[in-house]
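Before any questions on how it binds or moves, here is one chain, the form predicted alone, in structure tokens.
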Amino acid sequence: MIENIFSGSDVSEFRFWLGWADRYVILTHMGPDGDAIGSSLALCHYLRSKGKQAYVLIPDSAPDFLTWLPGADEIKVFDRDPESSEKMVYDADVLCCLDFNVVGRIGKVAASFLYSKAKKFLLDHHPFPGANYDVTLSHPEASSTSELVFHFICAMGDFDSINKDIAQCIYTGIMTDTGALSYSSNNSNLFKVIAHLLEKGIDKDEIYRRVFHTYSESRLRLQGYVLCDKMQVFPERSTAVITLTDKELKRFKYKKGDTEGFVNMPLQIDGILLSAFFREDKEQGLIKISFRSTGTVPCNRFSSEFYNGGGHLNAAGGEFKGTLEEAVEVFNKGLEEWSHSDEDCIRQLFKK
């Protein structure tokens, strides 16, 4: 039997809203990943099954490898049509906030969100949720927000409403946010959830193929270039770093999502406990940074302390205003500071 994360009282307010609210807009974070899109579409399908008008609005476009998901073709992208997107937010009865903890993570959508009179509902697995919500369901111990959507629907008493489309979206979110169940997934309850999704008719092997095995030739060549020429390994501090400039990305005809998973690759090296990936984003004038770690090495703390970022123990991200070289310099200085720490979770990085 699955142990549901939520009780009936956790969802009682939302159940009350269902009695009068007709228009639901589901929001997620900038640079939406598999969990953001999977959880948002799953909730959208569920709300529509209840006879509600439900829409997914994302700040910027999603990677191509997620466009096959049921309902993905109906997703509204704020950057492509800000005026009608803002109207959608203002007209909503309920704004459902998925896979982000603070309003800053929804970028340009934030202004209309803050001024909207709609009820605001947060469902998320990132730590330290903000205070801009009428109802907050935050569980950082969960593998993904998609897993939380499953528990939410069940707590609403609607397990039977989970059809194949919903199940596909939920599984895609779980799979992508756990590296195909290779981290943040050491929980028997999660596998019971997956068993139920399989019973709903999903083909997990086909989902894996569609997400991870449908890249372009140029993306594969970019991956080879990264491993051969761009990955730096520092055994003395159990760390690896990858950097990519805008010029290098253009050389390999970069499309959004092409660098997905690159930050995980160095962790396959024996003895590497922390991996950092720096990507120059000329359009936004930022350096996008991703961190991954193993064991108890807290990459979310590193991201928070040195890049005003955050995330989970073993998966985090941040941004840096400046040059790529300056961003890497901050990384090196941060590691130097950490090298003087007495905490066991940090000391294991350094060979002393």
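What you see is a predicted model; the values in this text were computed from it and never measured. In case it trips you up, residue 1 is the first one in the sequence shown, and so on.
The following text describes the form predicted together with guanosine-5'-monophosphate (5GP), which does not appear among the structures shown.
Which among 37-45, 307-315, 323-331, 50-58 is in contact with guanosine-5'-monophosphate (5GP) in the model of the complex, heavy atoms within 4.5 angstroms? In the other structure, the partner sits against 307-315.
Taking guanosine-5'-monophosphate (5GP) as it sits in the model of the complex, is residue 319 in contact with it (heavy atom to heavy atom, 4.5 Å or less)? So residue 319 counts as contacting guanosine-5'-monophosphate (5GP).
Do residue 301 and guanosine-5'-monophosphate (5GP) come within 4.5 Å of each other in the model of the complex, heavy atoms counted? It does not: once guanosine-5'-monophosphate (5GP) is placed as it appears in the model of the complex, residue 301 has no heavy atom within 4.5 Å of it.
Are any of the heavy atoms in residue 290 no more than 4.5 Å from a heavy atom of guanosine-5'-monophosphate (5GP) in the model of the complex? Contact check for residue 290: yes, within 4.5 Å of guanosine-5'-monophosphate (5GP) in the model of the complex.
Is there a non-hydrogen atom of residue 126 within 4.5 angstroms of a non-hydrogen atom of guanosine-5'-monophosphate (5GP) in the model of the complex? Answer yes; at least one heavy atom of residue 126 falls within 4.5 Å of guanosine-5'-monophosphate (5GP) in the model of the complex.
From the list 105, 230, 219, 210, which entry has a heavy atom within 4.5 Å of guanosine-5'-monophosphate (5GP) in the model of the complex? If I apply the 4.5 Å criterion carefully, the residue I get is 105.
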